[in-house]
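Listed next as structure tokens is one chain, alone, in the form predicted alone.
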Amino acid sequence: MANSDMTTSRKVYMETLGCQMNFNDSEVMLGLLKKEGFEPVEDRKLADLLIVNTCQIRGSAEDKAFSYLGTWGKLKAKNPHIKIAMAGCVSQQNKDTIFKRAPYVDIVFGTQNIHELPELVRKAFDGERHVLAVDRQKPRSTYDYLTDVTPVRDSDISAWVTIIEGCDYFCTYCVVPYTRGRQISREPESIIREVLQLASYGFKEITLLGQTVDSYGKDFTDNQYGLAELLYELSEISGIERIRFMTSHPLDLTDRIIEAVAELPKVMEYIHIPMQAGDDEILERMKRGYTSQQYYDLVRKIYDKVPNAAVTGDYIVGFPGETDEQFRNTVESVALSDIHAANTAAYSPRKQTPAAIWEERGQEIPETVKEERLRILNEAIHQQSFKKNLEYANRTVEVLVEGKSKRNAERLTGRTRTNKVVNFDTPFSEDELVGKLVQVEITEPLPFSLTGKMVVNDPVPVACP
């Protein structure tokens, strides 16, 4: 930044809420700011710039964001030089009201203005009060504007790579099309360039991100290039050993994508496909575009073509008007779908969505009922996850080592090809194994993780090929 006030090193603190795409966005923001002389810090009290990257998928996440801002406002009252920025989906949706609700905030910008962050920060530190990013119609993905930025990543082993932004589905409960915008696929050349850079830095695993990642390429003029074609190209990049993608939409998971998972050794046998509800009437009201049976058939097709695959999903309980019988259908769908695990949430009304209007018109499910239904559903998923993990008992699996186990500091941890967490015993140190592929024999399957011991065939661990 040209201003003399910006020549000395400043510190930035980042708080990120929500999905993996938000975490990737935060890493990119830190990369942009690093080029401008900002150093990330873990103690907010040391920061000159505080940023909260917000999520609006549920009301609790939005409330949490404003709670952070309230705390930071008190810090600013003691240190007026501090600048506070609000980013992400809440900012994109409510940008015109944030300064009224939190007047101590200096910068507001949404998901579609990330590339403008240096300019916005410059204005704030030059003394401009209440800097607001202006929405612009973007002909390209945000990430196509950021080809010369190196994100400040949380891991040296695994990296997020956003390949598509926004969503065209407009499910009746979802705010994403309003906060992230309509679907825009990133140019393949831009993605490949980033992954080549990641390989040169020593990253072993990438996860391709998108709200509907399997819709990638549908907005291209040449609609012959999609996620499958991208997977084949990325698999040719030397140094990258593992490729994942999430989140998929059931309507866009084509046979071609499933075949790519089956055929490409570097593409992991793990697919995340939200079901959201196991009742057909609820699915129709959600505007999901498929029936429960069609979802079951899709999962079965994946298992038939990729026998060692793990499929996971998402569920919402307490959707407006959901009856006891409809909820029971959702609980039963956990076993019927044969998935390995699922994320769950109680329905939270989001403004602009049809479901929020239905709730206002008397179809609201009481919070106590939502909580009880969520408890019952989570128990069903707990049992299903344990059942699927029992299949790993006494099996030897490939694990990419990430570091020390959070449960037991004497063990190391990593993930299988099917994205299951494995905590394992080994005679080798963390420094010797982090970032390497090792074989682990599973000795104890648990409901949400696996325990094992490393299979040692050589006196020293072997690096990734």
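Heads up: residue numbers just count along the shown sequence, starting at 1. Since we're looking at a predicted model, the values are computed, not measured.
There is also a form predicted together with a small molecule; it is not shown, and the following applies to it.
Exactly one of the stretches 153-161, 168-176, 254-262, 72-80 approaches the small molecule in the predicted complex with heavy atoms within 4.5 Å, and it is 168-176.
Among residues of the shown chain, His249 is one whose heavy atoms approach the small molecule to within 4.5 Å in the predicted complex.
Using a 4.5 angstroms threshold between heavy atoms, Ser348 counts as touching the small molecule in the predicted complex.
The small molecule is not shown here, but in the predicted complex it comes within 4.5 Å of a heavy atom of Arg58. Contact check for Tyr315: a non-hydrogen atom falls within 4.5 Å of the small molecule in the predicted complex. Of the candidates Gln276, Ser385, Ser292, Asn329, Gln276 is the one whose heavy atoms come within 4.5 Å of the small molecule in the predicted complex; the others do not.
Residue-level contacts in the predicted complex: of Thr207, Ser185, Gln211, Asn389, one residue has a heavy atom within 4.5 Å of the small molecule, and it is Gln211.
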